[in-house]
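Just one chain is shown here, as structure tokens, and it is the form predicted on its own.
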């Protein structure tokens, strides 16, 4: 089995910050995850569980890039951000917006007919709902949950270039993993819903036990490099006993509230390649 050098995390030249607020987002884990991705030389990158996109937006862009998530409405927003012809129009839709309980309810009750209006609605609710959750049963607004709307245009435009001219889909993760390669070496980063996650609260698409089992099975048979982040629990350790398991911990602000204390989570990074020299982590 190949062994790769693990170096200290450094921001890529094309680094961009995620425009989303997202439950389970990996912004605070970048210093742990990116070194694993950077250690493997690759010209094709895939991410089947994109979520808030912190990892893709932080790593260096490769020749071929494929990002994916089953949350169709989130993917619709990404597709608008990625479109250089409409990103400014989309971002300017928030120029005169306000974040308030009344406006939040109005947007919830709106019924958009076009793709761009759907994207507007999803992004507004992501920025103003509790923890960035877009799942209707968990929608709720309180003051101070998000940066004000006057800043949202910068978030959107700032990530547009990184998303331009890449493949963006909303399909089952297995299709992304099993697809024929375009480049010479494929690296897949995966951040599925955690085994012990409160999925009914945070996601519109459930990830069942069978899905966790199916993911482990397809990864065991893949010819591509993969790097997987998961919660540290007995079930996950058993599923991936055949792979390389690295223990890490990073901070989470589970409520996504600025200024609030963050909790430390015990996490696993799982790969089908070995790394050496972990002095920096």
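Quantities reported herein were computed from a predicted structural model and do not represent experimental measurements. Positions refer to the first chain, counted from 1.
Keep in mind that the form predicted in complex with a small molecule is not shown, yet the notes after this line are about it.
Proximity to the small molecule in the predicted complex, defined as a heavy atom within 4.5 Å, holds among 184, 205, 150, 103 only for 205. Note on contacts: among 226, 36, 230, 49, the single residue with a heavy atom within 4.5 Å of the small molecule in the predicted complex is 49. Contact between residue 65 and the small molecule in the predicted complex is not found at the 4.5 Å heavy atom cutoff. Residue contact check for residue 24: one or more of its heavy atoms lie within 4.5 Å of the small molecule in the predicted complex. Although the partner is absent here, residue 70 sits close enough that one of its heavy atoms falls within 4.5 Å of the small molecule in the predicted complex. Shown alone here, residue 89 lies farther than 4.5 Å from the small molecule in the predicted complex, counting heavy atoms only. Heavy atoms within 4.5 Å of the small molecule in the predicted complex map, among the stretches 156-164, 104-112, 90-98, 70-78, onto 70-78 alone.
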